[in-house]
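Only one chain is given next, in structure tokens, and it is the form predicted on its own.
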């Protein structure tokens, strides 16, 4: 039996921790469609700007999201395509009617 490296286990645990909060999971589901700015994410998730900013900042620090400033808006996107695949897999399980 082959041992799974501790580093891989730690990275997987951190990624799953990011998904463990409703607001963060909602953000990631919406970002599957492409980059969005804070205002668009507020409208999509119903989160307040302050709450959403905290979650976005945490996911950026975890390396899950990347941000890009365009004019006066900051756009967020999923940093790692593999992480996007994980979110998509969850979406297929829990929201199959929303998957194309």
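Source: prediction; values computed, not measured. Residue numbers count along the first chain shown, from 1.
Not on display, but discussed next: the form predicted in complex with the DNA.
The partner is absent here, but in the predicted complex a heavy atom of 37, alone among 26, 32, 37, 62, sits within 4.5 Å of the DNA.
The DNA is not drawn, but in the predicted complex it has no heavy atom within 4.5 Å of residue 44. The DNA is not shown here, but in the predicted complex it comes within 4.5 Å of a heavy atom of residue 21. In the predicted complex, the DNA sits within 4.5 Å of a heavy atom of residue 17.
Taking the DNA as it sits in the predicted complex, the stretch 69-88 comes within 4.5 angstroms of it through a non-hydrogen atom at 69, 71, 72, 73, 74, 76.
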